[in-house]
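First, one chain by itself in structure tokens, the form predicted alone.
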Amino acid sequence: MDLSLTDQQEMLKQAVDDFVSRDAPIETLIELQQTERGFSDEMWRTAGELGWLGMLIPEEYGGSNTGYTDAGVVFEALGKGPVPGPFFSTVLAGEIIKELGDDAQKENYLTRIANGSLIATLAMAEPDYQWGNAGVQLAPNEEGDDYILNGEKSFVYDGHAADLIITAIRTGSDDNDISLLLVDTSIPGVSARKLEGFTSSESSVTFENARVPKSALLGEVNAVAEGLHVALMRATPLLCAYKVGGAQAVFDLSVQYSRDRVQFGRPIGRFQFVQNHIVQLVIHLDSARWTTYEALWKMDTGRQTEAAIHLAKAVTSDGYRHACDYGHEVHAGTGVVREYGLTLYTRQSRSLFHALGEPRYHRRQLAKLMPTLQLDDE
């Protein structure tokens, strides 16, 4: 198993790194954090123009249909920023539409996702947070050819900026009896507000007598659970890659600070206790990186992927959080100064910890899979 990047992937990584260094320095990201939108529309347009948003979309819909590892390379570089914006939300929405949409829906939405003219996201979790199909309780009323929605979706990433929200609704009594609606955020009765205290654009989306036509169903009623699961599994390693990039940036900041900060006549990096913090940071960074890229590699080579994806998500969520903890141990008081930038990663490591399921959820899914796992030939 060779998880090293190819020459082409190294070039792609360098191109995104150059973009982040030039257009998204820490000072700019701190300023964006204070804005209502939370990200730069110019950076978003650039990502669309460079083809980063359409890397997993078939060529017939304007994408390039490159491998998942290539997309992971881009997301890792964006995570080093950490560049804010609906990058992951829209890619996730694209995976769901790829899996469940009909030809007309794919033509309509995937084409616009690929060129960056459509911001889309998934609304699944609700105020009584429980990740998974069982947590979907928003049940619509039916009036003729329409569904009437009343209720709330919580922790909707980039919901405040989305043009399209793929909304999970309860349409039956079984846990998997859910359906998906393509909700245009411009229709009356749909509103979103950005949740305070987060850096990754979590929003609360409220429906008040929102009338959505049944023609906006994505897939069949009560028959989307399997396709949704497939799409979530495909997208999860990309979120992991974004976190790996963040952990890498925390490592880089911590090492540089340990060289520059002088106490008692020598750089603090020469003190064993500081070295121990950095070693612990590296352990969590490397664990996150290699589990993530193993999952991406397995996806690209057609191997068993589900266990690797659950493992990567559990390890990476924990790893990013712990990397930030050890980064703060190295920096001490300097690390909490907002202008320094370390807190961007720290807050994000907490914000993204539960995204697509917290580590405990993924460990439970991994435990269920263990009796059925077979070793790869290579």
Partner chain sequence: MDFAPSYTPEQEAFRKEVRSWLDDHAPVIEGDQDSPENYAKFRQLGRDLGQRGWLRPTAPVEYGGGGMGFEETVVLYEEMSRRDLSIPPYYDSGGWLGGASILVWGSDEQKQSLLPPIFKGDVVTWQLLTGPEAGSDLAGTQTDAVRDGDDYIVNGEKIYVGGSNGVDMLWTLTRTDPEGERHKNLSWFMIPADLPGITIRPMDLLGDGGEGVGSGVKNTVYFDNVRVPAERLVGGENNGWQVATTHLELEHGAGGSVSRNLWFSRALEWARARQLNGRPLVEDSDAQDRLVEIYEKTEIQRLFGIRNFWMNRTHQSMTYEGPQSSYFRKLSGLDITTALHELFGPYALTNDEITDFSEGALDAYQRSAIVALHPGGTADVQKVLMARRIGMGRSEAERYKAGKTVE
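Positions refer to the first chain, counted from 1. Only a predicted model underlies this, so the values are computations on that prediction, with no experimental measurement involved.
Quick note: we don't show the form predicted together with its partner chain, though the next part is all about it.
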| message | Whether Val282 contacts its partner chain in the predicted complex should be assessed with a 4.5 Å heavy atom distance threshold; does it? | response | yes
| Contact label in the predicted complex: Ala332 to its partner chain, heavy atom within 4.5 Å | yes
| Looking at the partner-bound form in the predicted complex, is Phe155 within 4.5 Å of its partner chain by any heavy atom? | yes
| query | Quick one: is Asp103 in contact with its partner chain in the predicted complex, heavy atoms, 4.5 Å cut-off? | reply | no
| query | Quick one: of Val230, Leu138, Val255, Leu217, which gets a non-hydrogen atom within 4.5 angstroms of its partner chain in the predicted complex? | reply | Val255
| note | The stretch from 83 to 91, 295 to 303, 164 to 172, 138 to 146 that lies within 4.5 Å of its partner chain in the predicted complex, judged by heavy atoms, is 295 to 303
| query | in the predicted complex, which residues of 229 to 261 put a heavy atom within 4.5 Å of its partner chain? | reply | Phe251, Val255, Ser258, Arg259, Arg261
